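As a starting point, one isolated chain is supplied in structure tokens, in the form predicted on its own.
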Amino acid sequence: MLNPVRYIGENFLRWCHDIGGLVMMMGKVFINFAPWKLDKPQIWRNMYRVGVKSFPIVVVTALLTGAIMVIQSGLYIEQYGAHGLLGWGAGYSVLREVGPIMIGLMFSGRVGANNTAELGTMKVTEQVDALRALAIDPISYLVMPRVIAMIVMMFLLVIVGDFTALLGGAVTSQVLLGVDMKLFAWSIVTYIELGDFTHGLWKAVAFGYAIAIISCHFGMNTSGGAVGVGRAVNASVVGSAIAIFVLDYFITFMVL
């Protein structure tokens, strides 16, 4: 049986190592943010790979999420006859919370995990060391295009996801609840403020940055061959999910 003190100590040291590594990665990214250091063709390629290929799954997921939000709230709307508030209820929840969190978790599972696996494979096969041998900085060549692409595309995907979720909610309210789509749209335009929309966009930028830093950190510090790549991907997905909820808590608290 593993000594509990030893188990706690090992996990504490592992957490300290990861937190220190994340701080180091943020510092390296900040230093390399100068425009003349950025590889623009690599950034465009990563934006296509990260964002455009995620577009179909974001649209499908957002449509269903908006529909579910309306179905869940439809019972109470029918009970109190407050049909004019259906659009406001769905829009407020989607724009401020459900949209950014839902897309953030999906983004970390698809893009973040893939990013860690790619960088981890390059690390264990010594391709990263080969870049250093050729005097090419791996942070500038591999990490920076991914970080910028993930922040920009997370921002754009949340905008697309928000409007798609509202469309799914409007169609569901018309078809299943008999609430006119015009009344649904009127409720959103009347009661939803611009701040509700920008609130979610701030979260999108923060989530994109966190997922990028975490996935790149675990990818660039992978060791132990194929098994190590699997462990790194798992740690990246778990760390990103925790970061999303922690950031959501603090941003919600600060922007209220």
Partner chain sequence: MANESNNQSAQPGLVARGLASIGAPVLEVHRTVKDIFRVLWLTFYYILHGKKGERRRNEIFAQMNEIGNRSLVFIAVTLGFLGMILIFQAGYQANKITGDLQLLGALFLQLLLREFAPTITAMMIATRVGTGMAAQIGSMVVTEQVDALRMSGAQPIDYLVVPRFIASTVMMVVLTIFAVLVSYIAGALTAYSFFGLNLRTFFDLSMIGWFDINIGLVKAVAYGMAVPVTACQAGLSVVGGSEGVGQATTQAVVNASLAVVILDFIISGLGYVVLAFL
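Just so it is clear, the structure is predicted and the values come from calculations on it, not from any experiment. Positions refer to the first chain, counted from 1.
Missing here is the form predicted in complex with the partner chain; even so, the following discussion is about that form.
With the partner omitted here, the stretch from 182-190, 133-141, 88-96, 150-158 that lies within 4.5 Å of the partner chain by heavy atoms in the model of the complex is 88-96.
Using a 4.5 angstroms threshold between heavy atoms, residue 57 counts as touching the partner chain in the model of the complex. Taking the partner from the other structure, the partner chain in the model of the complex has no heavy atom within 4.5 Å of any heavy atom of residue 12.
Contact check for residue 199: a heavy atom falls within 4.5 Å of the partner chain in the model of the complex. For residue 205, no non-hydrogen atom is located within 4.5 Å of the partner chain in the model of the complex, even though that partner is not displayed.
Contacts of stretch 234-248 with the partner chain in the model of the complex, defined by any heavy atom lying within 4.5 Å, are made by 234, 237, 238, 241, 242, 245, 246, 248, listed in sequence order.
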